[in-house]
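Listed next as structure tokens is one chain, alone, in the form predicted on its own.
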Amino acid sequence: MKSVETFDAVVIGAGPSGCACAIILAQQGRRVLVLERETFPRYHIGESLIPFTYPALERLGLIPKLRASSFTKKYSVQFVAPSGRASQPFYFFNRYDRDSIAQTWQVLRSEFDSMVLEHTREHGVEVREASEVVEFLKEGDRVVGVTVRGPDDIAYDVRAAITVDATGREAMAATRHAWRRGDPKLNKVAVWTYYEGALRDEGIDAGATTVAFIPGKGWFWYIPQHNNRVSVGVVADGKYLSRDGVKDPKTIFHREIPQNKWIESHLASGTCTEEYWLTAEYTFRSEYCATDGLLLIGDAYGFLDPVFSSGLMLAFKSGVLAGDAIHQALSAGDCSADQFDAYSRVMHEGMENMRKLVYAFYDPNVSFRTLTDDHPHLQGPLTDCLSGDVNRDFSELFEAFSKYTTLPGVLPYGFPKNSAQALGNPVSSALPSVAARG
């Protein structure tokens, strides 16, 4: 017979969202087990923190460790035309407090995620690496835990009032239950690698994120990291990147470099030091965020096109929100799906607001500069949404955008299964004031 252990909550995945959720629960005195299939440090893409990641990081107690780290400080973002002409950097401190939200970081995920995982252990959370969850335990339709295969290849059961799926883009629950739903238009392909010795700007601009355009509304990211390392990748429609039958990631990447003169000049002095990675059609949402005894967070809940570097912000935000929602559910003795309705509405609203801006970005008829020139009073709200302050009323901003483009309809995904509430109801104010802003 398999052995059985019991916790208040079991979290599948030790990435940022899973660790954030576990820390919040541990701060409330809950017994939490985090199960991680891999052994840290491990590779992961998604290296740029946008300003409104700060509130969640502060709540988790991670800001002092980030300030003491060697990660590259990030104060701005800039956009570059295919000709190589760069915009003036958009400095976050022109709108936000210089000592908090306005200064963020470019992180190497292998180091950053290890730091977050160790911080999680310091909060008393039990973490088991090299431990793969092989199935959900169920009583009827309710999830009551998981079966785990440990590093010794011995299987055992873990039972908990709530199971949290933080498995990232693998999205264990959404995949196994056929809940994955793609986006009608955001079916992009990304190819990326890493350089050493590539050119970086000077002074305060040395850590800036650069979005460099290529024809057809594709774009390069250029993210300076510490140790003279740069993360660089190209994103565009698959038909464009694979034109003439080209499928090899390295060939695709190097064919696009001359399409932007800034990228070409900045990479000229550098050397590619790692393999070339490719991923396709990565934007998705889970049809449901919860069933009885199960909650989805982070990329397992949904992933949005990375053009505005929202991934880590949304991951930490969802983890913190989920931790508070689960604590309330445990206190009420009820971890049914409807207990996570308020959580789902905050996440859904934030992702939909950012999604509208992503759609506008990819429309060749849209220029953010033109919009703010025509509507100067909207520069602040636009900056706020791009910076991750996504749970606000942006109706005036999107009404202005509608004069240039057709914004997408709301995706009806990401709410609890069997929720009795209708989509149009306002977000509940029941959750503590943790991360509704950021």
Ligand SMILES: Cc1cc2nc3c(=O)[nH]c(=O)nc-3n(C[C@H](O)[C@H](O)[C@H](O)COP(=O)(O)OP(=O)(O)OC[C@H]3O[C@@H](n4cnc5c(N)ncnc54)[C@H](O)[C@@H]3O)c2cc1C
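For every residue, the number given is its place in the sequence shown, counted from 1. These figures come from a predicted structure and were not determined experimentally.
There is also a form predicted in complex with this ligand; it is not shown, and the following applies to it.
Student: With the cut-off set at 4.5 Å between non-hydrogen atoms, does I63 touch this ligand in the predicted bound form?
Tutor: Output for I63 is no: heavy atoms all beyond 4.5 Å of this ligand.
Student: Using 4.5 Å between non-hydrogen atoms, is E38 touching this ligand in the predicted bound form?
Tutor: Within the cut-off, so yes.
Student: May I ask you to state whether S48 is within 4.5 Å of this ligand in the predicted bound form, using heavy atom distances?
Tutor: Yes, contact at 4.5 Å.
Student: Contact with this ligand in the predicted bound form for R42, defined as at least one heavy atom pair within 4.5 Å: yes or no?
Tutor: Taking the distances in the predicted bound form, the answer for R42 is yes, it comes within 4.5 Å of this ligand.
Student: Name the single residue among W192, Y75, Y195, W179 that comes within 4.5 Å of this ligand in the predicted bound form, judging by heavy atoms.
Tutor: Comparing distances to this ligand in the predicted bound form, the residue within 4.5 Å is W192.
Student: Identify, from the list G350, G207, G311, G145, the residue with a heavy atom within 4.5 Å of this ligand in the predicted bound form.
Tutor: Selected residue: G311.
Student: If contact means a heavy atom within 4.5 Å, which one of 302 to 310, 322 to 330, 241 to 249, 260 to 268 is the stretch that engages this ligand in the predicted bound form?
Tutor: In the other structure, the partner sits against 302 to 310.
Student: In the predicted bound form, which residues of 124 to 141 put a heavy atom within 4.5 Å of this ligand?
Tutor: S131, E132, V133, in sequence order.
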